[in-house]
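The structure tokens that follow cover one protein chain in two forms, given apart as structure 1 and structure 2.
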Structure 1
Amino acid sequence: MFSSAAFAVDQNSTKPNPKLAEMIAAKDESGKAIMGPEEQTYFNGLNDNLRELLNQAVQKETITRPEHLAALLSLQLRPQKMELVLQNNCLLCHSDSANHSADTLFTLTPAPGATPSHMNLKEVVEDVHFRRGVSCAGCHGGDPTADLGHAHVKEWPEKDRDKNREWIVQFCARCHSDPTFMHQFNPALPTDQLAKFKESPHGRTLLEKHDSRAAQCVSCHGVHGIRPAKDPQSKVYARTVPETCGACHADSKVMAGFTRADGSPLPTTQLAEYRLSVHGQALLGRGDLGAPACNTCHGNHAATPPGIAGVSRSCSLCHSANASLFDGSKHKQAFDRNNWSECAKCHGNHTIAKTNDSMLASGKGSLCGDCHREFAKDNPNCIATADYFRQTITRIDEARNNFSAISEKLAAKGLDVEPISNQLTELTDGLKKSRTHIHSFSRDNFQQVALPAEQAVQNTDALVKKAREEYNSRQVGLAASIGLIGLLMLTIYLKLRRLEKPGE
């Protein structure tokens, strides 16, 4: 029986009708309450509107069992979301395990393998469409407020819609390509996804070659748990994009038979390479959302290989200074002549490693040295310039590391290291610029930024010397003070001895 003491509700709030009250107080065969304490607390906190909706749902028998009610309350949804759930008869019916088998039942605890992955009750209530009020009928048709009825939309293929996925893009585009319709929900959202998709290799494979292995909307966005791209739980959130793309592109079975433009098989090593790369480590390791994922270089709905010319364009989106210096260099012409991809030639593509100064080495097996020995044999200046770059940068870098360590020690000794820190900032800035200006491959251009850095090295050196002198003078001052105090102590001690000499 329902116990009023169990619910600390306001006297004015809507009371549960007898049916609902009975469900709330129901116990299982072992005498244990079906509603757990968390569900009871959640129920106690519901506002009048939600209580009334629950009363109505119980009255209309869209909620008939205490277990079903407990499952819904256990979602602990915010009032707005709970309101949507309680007004959605489709969801209420399809979340009651007494009415549906695993294929059509939204469940709280999907059994792996036994339950379709898209029938997750927790996910569907988080879906961006559901939250904006599109809900089930938006895609499936029918009337969510009606008690029964399954008038599904006509756009769905009658047969084989799981095997032939071409219909999906057109189906989503009904709304997403309609600017007027989309404006009601999110005016900032583009509506050109289908147009872009059609031009992409994914789109061409699916729509022209009718190969349903190609990715379409649900491959990347999911089905019932679709979230905005900025939601960290979204399949297209920046940190998740590599996994989402890799679901197909790292799977050799899925990718079997797909080829590049030159006819060679499309590799499946990109995800593994990306994970090891400086970009992958920044995005996946450190969570730096500024680091590029697959779509940053390849695009989203129009995802495509960038091509030789496109590589530098992709890189220059972030590394604009390097790209602009390269464009003005002699290398640009040489690379164009040889049809080499600009950045990727030295840095690679998916497996871009963190750069280091040894790349400038001129010996055998080095990046600069090997290339120049092969392609610029008649120009000894090139190797000399590379050597100059490397020596200068190494000198500045070593000075910075050395002075940083010295600065910390001096600070611990209580010396004012602010001027040193300022110079170190200039030095670091100069070092960064110098590394960037290597891409000009010009000694003059490089010197414009390297010389101030070298000047900062000299300034720091002078400041460190000054600080050390200051510390030495402190020690000398201390020694002199201790000497004077010691002398005074000795005098007092001798005086005491003379005063306390027996017989005096």
Structure 2
Amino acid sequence: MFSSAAFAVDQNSTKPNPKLAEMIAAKDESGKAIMGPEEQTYFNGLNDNLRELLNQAVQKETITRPEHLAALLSLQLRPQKMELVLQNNCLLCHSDSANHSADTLFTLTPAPGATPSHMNLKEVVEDVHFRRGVSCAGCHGGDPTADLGHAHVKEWPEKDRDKNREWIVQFCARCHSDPTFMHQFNPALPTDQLAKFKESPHGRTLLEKHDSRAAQCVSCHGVHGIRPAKDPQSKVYARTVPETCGACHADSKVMAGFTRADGSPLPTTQLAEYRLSVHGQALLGRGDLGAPACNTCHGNHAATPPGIAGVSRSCSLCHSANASLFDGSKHKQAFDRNNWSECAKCHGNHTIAKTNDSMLASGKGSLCGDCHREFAKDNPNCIATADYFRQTITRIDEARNNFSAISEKLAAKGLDVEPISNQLTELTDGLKKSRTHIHSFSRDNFQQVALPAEQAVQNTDALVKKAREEYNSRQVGLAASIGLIGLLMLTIYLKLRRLEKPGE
């Protein structure tokens, strides 16, 4: 138990007024100090400015109870944030459980389902708006320095705010579409979000069809506790984006009735598919923030399904070499004629799997083979080319794996395998380039790239043979040396035996 002595202050520091001192020393019915050790330590470390602000808040009765004071001190805020809190009567009032019911009370640790999630005081003080000085009154109206008052801004609907969400977009745009105003806070932040949103499927669904199931600002950014996109706790942090989008797009009830351009129902399997994809595994599994998420391909405020041409442009942001090769290929012409989505036709969209050489197979049920049999019946060279690609790549890959294993065994025998390792590096590099150049769908182009890899196979094979010959030579030499030593030892032994015989 701690006593009021724990709150002894420096004589040169601002002292608590009698009311504040009384709260500090208060005990509950059991005689236990209401202020815990962490709150006591935090108070003792406050600067003079914050102590004076606490004195004023207690004097004005915006803080009236020890429990309320303890709750505020338990936030353990940095001085700049605590100053903002103590100067904001909205927060001081709505954080006092004696004045508010669960739906209007800012709590420290809201019980799940007991109070709205946006009424978490710890989240409010981390909000990017709050940190920049745009606090409660910035959205709700009123004067945060006044004693009382709820002069909500006129843009707020008088009723059904939760059912009709159209107003939110225009409301946020009051600031975020004003370049002059936003320049005060972040000159680099764009101010065209509203214009983009209006042209997006979300915007048209909300503003033209008046369907409030459509995503708007708070759907993705939250209400209180809005954080910058680079903050790991932000709802739009790269690693969190799939879950944020999935909150709607993976919910069959929310998405019921929405359709694709062709009239088919909009699926709700995208999030589950993405999690299993090579992109999802990179972002969600390995934490690779460079891996694409929903907004990489669909956009942010102008989020929209990419069209046929848009898919390849999205993919080419990362896979530029493949895209360049494809653009100059005969496949490009065929895809344009059939109005096929370029990359997605072979690789899929949300379910993109790690590529493998079996994709080039030409048998029934295979990617290349089935497509060529259906759309290139009169051109057997198509399947023959795919077969050539696969056979060449498989041959190089098998050689690389075989030589890698042999190299390890030779190294274990004490042989110098650096020349072999150098050739294996060349071989691996050539294999990667060969796999990339299948996107040219040209045997000639592929051959030019595969040739160095095949040459590296021959060079490595020669080096392995040389190493084996050297090893065998060493073995023969060793055997001869052992034999010679053995013969010498036998001769010495026989000589000694003769010397040991009497009379000799």
Partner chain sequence: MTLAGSRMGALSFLNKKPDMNGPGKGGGLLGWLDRRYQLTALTEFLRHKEVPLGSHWMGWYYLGGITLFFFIVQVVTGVLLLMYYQPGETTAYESIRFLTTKVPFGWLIRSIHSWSAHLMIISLVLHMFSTMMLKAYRPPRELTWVSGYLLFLLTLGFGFSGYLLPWNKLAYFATTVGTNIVASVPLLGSWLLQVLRGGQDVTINTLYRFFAGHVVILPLAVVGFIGLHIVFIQRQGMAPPLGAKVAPRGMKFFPSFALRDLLLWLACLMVLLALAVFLPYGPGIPGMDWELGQKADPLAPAYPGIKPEWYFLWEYQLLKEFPPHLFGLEGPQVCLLLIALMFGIWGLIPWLDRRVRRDQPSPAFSDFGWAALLFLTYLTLLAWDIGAGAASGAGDELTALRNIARVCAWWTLGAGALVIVVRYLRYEHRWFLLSGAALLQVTLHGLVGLTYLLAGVISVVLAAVWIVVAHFVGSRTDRRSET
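The first residue in the sequence of structure 1 is number 1, and each one after it adds one. Superpose the two forms; the largest set of C-alphas matching within 1.5 Å is the rigid core. Since the model is a prediction, treat every value here as computed from it, not as a measurement.
In this pair, structure 2 matches the form predicted alone, whereas the other structure does not. Core-superposed comparison between structures 1 and 2: the Cα of Cys217 travels less than 2 Å. Core-superposed comparison between structures 1 and 2: the CA of Gly299 stays below a 2 Å shift. A displacement of less than 2 angstroms separates the C-alpha positions of Val58 between structures 1 and 2, with the rigid core held in common.
Taking the core as the fixed frame between structures 1 and 2, we note the C-alpha of Phe403 moving 5.3 angstrom. Core superposition gives Ile492 a CA displacement of 14.7 Å between structures 1 and 2. Taking the rigid core as reference, the CA displacement of Gln448 between structures 1 and 2 comes to 3.6 Å.
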